[in-house]
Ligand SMILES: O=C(O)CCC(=O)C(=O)O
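This document starts with one chain, in the form predicted alone, laid out as structure tokens.
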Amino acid sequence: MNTQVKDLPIMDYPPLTEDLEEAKEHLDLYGMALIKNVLSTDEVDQMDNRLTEQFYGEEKFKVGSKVRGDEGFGVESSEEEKVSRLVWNLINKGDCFLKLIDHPKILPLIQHIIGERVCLCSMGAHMNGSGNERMALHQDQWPLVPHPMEFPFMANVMYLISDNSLENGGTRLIPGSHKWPLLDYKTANSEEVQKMAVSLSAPKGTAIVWEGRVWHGNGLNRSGSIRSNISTAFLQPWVKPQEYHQYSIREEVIERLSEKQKHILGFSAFGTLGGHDGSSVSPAEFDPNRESIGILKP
């Protein structure tokens, strides 16, 4: 076994919990927590139906992202092999998803990991088709910011819209890997490390919360059905998010957002960052053509 790998600690998945304080303990110890019954049966059904409609709508109009799964290894695949779809920017794709911006059972856990001030990095669905291939194990925090840091500035939530199991390629994480020394991606995707990442089994409605240094990836879906999960990623507000929300969110959706949600989406400044004309205030309805100071003469 690779000497860099043999001494890495291995942990089992933490147990499901509904207790917030226990979940925080799991986050500290495992780098992840499994929160059961975060979404009700009705909420799961509503999101599942909306995702299915969106899946076939994007198929029909040939838009969005289709993948096989192993693109991270530099593998090229045919359109027929791309059985999975990534449905991006769910904020625009159904009011049922807006509650995930600041879910009351989850936001306190995100804040426990990265602090009280957070911004949403992105929200999208991973609809993994049967016959997919396994993606590369990765950390979301690095190389997102190309300087490995020894503290978490990113946290993830995966809402299970399908039951996750070994058969349908449930999300694979390596509990405790947030405390590992930095590994290069070749080592992290060696067979020795891949064996440590086992597909998680948990019922739909569960949320997986983990910090950005945990190694993870999808699993092999051989169930004959699509497995859908919704991923929401959060950052400390000094990091540029994956989705430029001020640009990408449709106007009619902005009107339905609460002030708290706008804040999490980055529509307000963070200290001296993200304002305008030196101001620390940059409201969601700010119009640079009207309010940004241009050339003036006496």
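When you see a residue number, it is the position in the sequence shown, counting from 1. On a predicted model such as this, the values are computed, not experimentally measured, just so you know.
One more form of this protein should be noted, the form predicted in complex with the ligand, which is absent from this view; the next part is about it.
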Fill in: Interface membership of residue 114, the ligand in the model of the complex, 4.5 Å heavy atom rule
no
Worksheet item: Hey, in the model of the complex, does residue 103 get a heavy atom within 4.5 angstroms of the ligand?
Response: no
Discussion item. Can you tell me if residue 126 lies within 4.5 angstroms of the ligand in the model of the complex, counting non-hydrogen atoms only?
Written reply: yes
Item to complete: Would you please decide whether residue 175 lies within 4.5 angstroms of the ligand in the model of the complex, comparing each non-hydrogen atom pair?
Response: no
Response to the item:
Residue within 4.5 Å of the ligand in the model of the complex by heavy atom, from 226, 158, 109, 118, is 158
Item to complete: Identify, from the list 189, 171, 206, 162, the residue with a heavy atom within 4.5 Å of the ligand in the model of the complex.
Response: 171
Discussion item. So, a 4.5 angstroms cut-off on heavy atom distances: do all three of 138, 217 and 231 pass it with respect to the ligand in the model of the complex?
Written reply: yes
Worksheet item: Which one, 130 to 138, 90 to 98, 70 to 78, 145 to 153, holds residues whose non-hydrogen atoms are within 4.5 Å of the ligand in the model of the complex?
Response: 130 to 138
